[in-house]
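We begin with a single chain expressed as structure tokens, specifically the form predicted on its own.
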């Protein structure tokens, strides 16, 4: 394997567009890194309208904020 010219971390909306534009511009080789697998068995992963149903599942990283002083010290899910 050769060393890529660019490494894009995350293939969400911004990462995918950036990788494609670098590719189309002929800027060099592009490596896109994404966490996790395909999760073909989880329908909600492939339907953006169902993203809230993924909270607390195996595909949720479970990130939470520290207590926020401007929300009465509450801790919030970071999605």
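Numbering follows the first chain given and starts at 1. Take the two forms, superpose them, and find the largest set of C-alpha atoms that agree within 1.5 Å; that set is the rigid core. A quick note: this is a predicted structure, and the numbers were derived from the prediction, not measured.
Form predicted in complex with a small molecule: not shown, discussed below.
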Taking heavy atoms and a 4.5 Å cut-off, does residue 57 contact the small molecule in the model of the complex? no
Although the partner isn't part of this model, could you tell me whether residue 10 comes within 4.5 Å of the small molecule in the model of the complex, counting any heavy atom of the residue?
yes
**Message:** If we define contact as a non-hydrogen atom of the residue within 4.5 angstroms of the partner, is residue 33 a contact of the small molecule in the model of the complex?
**Reply:** yes
Task: Partner proximity in the model of the complex: residue 15 to the small molecule, non-hydrogen atom cutoff 4.5 Å - done: yes
**Prompt:** Does the distance between the two CA positions of residue 30 reach 2 Å or more between this form and the one not shown, the core being superposed?
**Reply:** no
